[in-house]
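Below are two forms of the same protein chain, given as structure tokens: structure 1, then structure 2.
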Structure 1
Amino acid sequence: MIAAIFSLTALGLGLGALLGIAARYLAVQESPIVGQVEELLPGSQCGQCGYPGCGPAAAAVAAGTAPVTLCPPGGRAVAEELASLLGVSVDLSAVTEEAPKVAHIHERLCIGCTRCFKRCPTDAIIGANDQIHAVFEDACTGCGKCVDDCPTECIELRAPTQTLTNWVWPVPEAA
């Protein structure tokens, strides 16, 4: 039994050491930029930029094949951060700064088909078959995917409902 324990331990340690050395010699230099870019993106995989998700989009931005302004839900803030990370200058006037929007379902038109919440990347739509759906505003990123899928056109994007917790002072108007 001692022999079994000893040989198995030795085998494990030996193979582990060999793999460790191999990993040192065969290490692949991966650009850390891709990970940093991906962290800045919203991560909701909405696909509005035309890439299948935030991962491929981050790779494209890091490689320089996509502009830093590619993320519509991220808006100007994300574009600014990406530009400063990558050290590129960008014309931010082209990025329209929209107030945050969330999806809203008109209950009168909803037929409870569940298509929108199957599509929602952040699970922000609640409901069930033949039940009127509703949007959970805290989770909605306003990506607008559900709008395209609704067969009765009952979803629209609009400013989130104002409550005591999200109300802010209006920006003072310039004199």
Structure 2
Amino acid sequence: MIAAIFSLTALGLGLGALLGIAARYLAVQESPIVGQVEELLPGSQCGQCGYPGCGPAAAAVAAGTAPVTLCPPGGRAVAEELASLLGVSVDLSAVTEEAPKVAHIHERLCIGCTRCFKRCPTDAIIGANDQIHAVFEDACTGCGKCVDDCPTECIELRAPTQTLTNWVWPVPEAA
């Protein structure tokens, strides 16, 4: 019994040391600008920019193959910060500021086909096959992919429901 414990401990320590050495010498060096660009992006992984997530979008922006205005949820603020970080000029006339939106499913029209459920990148849609679906608003990024895939057009994007966790004090108007 003691021999088995010592042999497994020695094997674990030896393989752990080999993994540590491999991680040090086989590490892939990434440009630090990609990490800085990814920190500026919202991190919602919604795919509205055309990339599967914020990581590939950050790599494309850092490489110069994508414009700094590619992130719709980020809007003007993210585009300006990306332009200042990368040292490029940006035309913000095409960037529109939109209020945050979340998906809403009309229960009377939902047939439970699960197309929206499978398409949602953040698993914000709750339901099962042949059952009515609902949207978990806290997880919804408002990407609209579920709206495009719904065969009965029972999903719409609307303003999120006001709760104590997302309510913001309105800015006073100038007199």
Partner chain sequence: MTEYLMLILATALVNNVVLVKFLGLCPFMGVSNKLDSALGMGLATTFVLTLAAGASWLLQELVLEPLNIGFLRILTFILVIAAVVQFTEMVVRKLSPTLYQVLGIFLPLITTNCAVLGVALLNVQEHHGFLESLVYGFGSALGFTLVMVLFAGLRERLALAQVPAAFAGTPIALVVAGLLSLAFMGFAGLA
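The structure presented is a predicted model; accordingly, all values stated were derived computationally and were not measured. Here the rigid core means the biggest group of C-alpha atoms that line up within 1.5 Å when the two forms are laid on top of each other. By convention here, residues take numbers in order along the sequence of structure 1, the first being 1.
Peer 1: Structure 1 or 2: which one is the form predicted together with the partner chain?
Peer 2: The chain shown as structure 1 is the form predicted together with the partner chain.
Peer 1: Is there a C-alpha shift of 2 Å or more at G20 between structures 1 and 2 once the rigid core is superposed?
Peer 2: True for G20: a C-alpha shift of 2 Å or more.
Peer 1: Enter the rigid core superposed C-alpha shift of Q29 between structures 1 and 2, rounded to one decimal in Å.
Peer 2: On core superposition, this C-alpha lies 4.7 Å from its counterpart.
Peer 1: Keeping the rigid core superposed, can you check how far the CA atom of V168 moves between structures 1 and 2, in angstrom?
Peer 2: C-alpha displacement of V168 between structures 1 and 2: 2.4 Å.
Peer 1: For L8, what C-alpha shift in Å results between structures 1 and 2 following superposition on the rigid core?
Peer 2: The alpha-carbon displacement, core-superposed, is 13.9 Å.
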